[in-house]
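Listed next as structure tokens is one chain, alone, in the form predicted on its own.
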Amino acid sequence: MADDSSRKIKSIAASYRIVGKLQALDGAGVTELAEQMDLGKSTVYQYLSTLHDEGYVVKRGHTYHLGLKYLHHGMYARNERPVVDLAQPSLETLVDETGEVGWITCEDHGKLVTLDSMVGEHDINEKFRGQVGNREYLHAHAGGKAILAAYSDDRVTDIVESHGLPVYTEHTITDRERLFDELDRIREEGVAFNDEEAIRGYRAVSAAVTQGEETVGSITIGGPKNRLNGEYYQEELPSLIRGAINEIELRGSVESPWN
């Protein structure tokens, strides 16, 4: 059987690389893109012209930017995820009760994707909130570890082999055996913790959301470690999240009176 690389259509792969680079550079001209990507200027221009004609990039002066047509596709893909409608009401209640930040996340191609976020009364710096659509490594986030713990060991191994265990902080789990030990604990306790593993000074508690037999995502509450500490962090917040998960799963069940 041919490997994945033999099935790639190079022109499509190149166009997505250009789109990714445009986003990373916050817009760019033909020359800058050609230099950044080691492509000929005429080649880059042809790709950009095609993307522009199809409505996927816009041109402001001599600079190209991503167009809002991607928003239509992104919102469609987001709203197709069942965890959004299932979890939003319960997460909103949690955010109101704790005053912290809440997230709905899911796994996509081995990465943790933010589908929604809510900010409580405490509010925090924007870097702690993240953005809808963010893609992160699963092992460094409470929501990601909660999802991994719901998967089989074989599936977790496939994800780790594809993406590795990159370092975020000195607290990030970078050892496969330690990760599997952590996933075993999460399976026993029903909640996952992030103790400064993604951002220094930040903690979070999360649990996986299931619908029937399928893990569809996770919900997370996070905030500064000065507020998420002691018994509140270790016991009270996990208890609140377990209660929210129970409510979410009832909402998604066939017998649910909310359907």
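Since the structure is predicted, the reported quantities are computational estimates derived from the model, not experimental observations. All residue numbers are counted from 1 along the displayed sequence.
Keep in mind that the form predicted in complex with the DNA is not shown, yet the notes after this line are about it.
The DNA is not drawn, but in the predicted bound form it has no heavy atom within 4.5 Å of Ala24. Though the partner is left out of this view, Thr31 does reach within 4.5 Å of the DNA in the predicted bound form, counting heavy atoms only.
Within 4.5 Å of some heavy atom of the DNA in the predicted bound form lies at least one heavy atom of Leu39.
Although the partner is absent from this view, Ser11 contacts the DNA in the predicted bound form, with a non-hydrogen atom inside 4.5 angstroms. For a residue to qualify, one of its non-hydrogen atoms must sit within 4.5 Å of the DNA in the predicted bound form; none of Arg155, Thr174 and Arg178 qualifies.
Of the residues given (Arg200, Lys69, Lys59, Arg227), Lys59 alone sits with a heavy atom within 4.5 Å of the DNA in the predicted bound form. Residues with any non-hydrogen atom within 4.5 angstroms of the DNA in the predicted bound form fall in just one of 186-194, 208-216, 229-237, 31-39: 31-39. In the predicted bound form, Lys41, Ser42, Thr43, Tyr45, Gln46, Tyr47, Lys59, His62, Tyr64 are the residues of 41-69 with at least one heavy atom within 4.5 Å of the DNA, listed from first to last.
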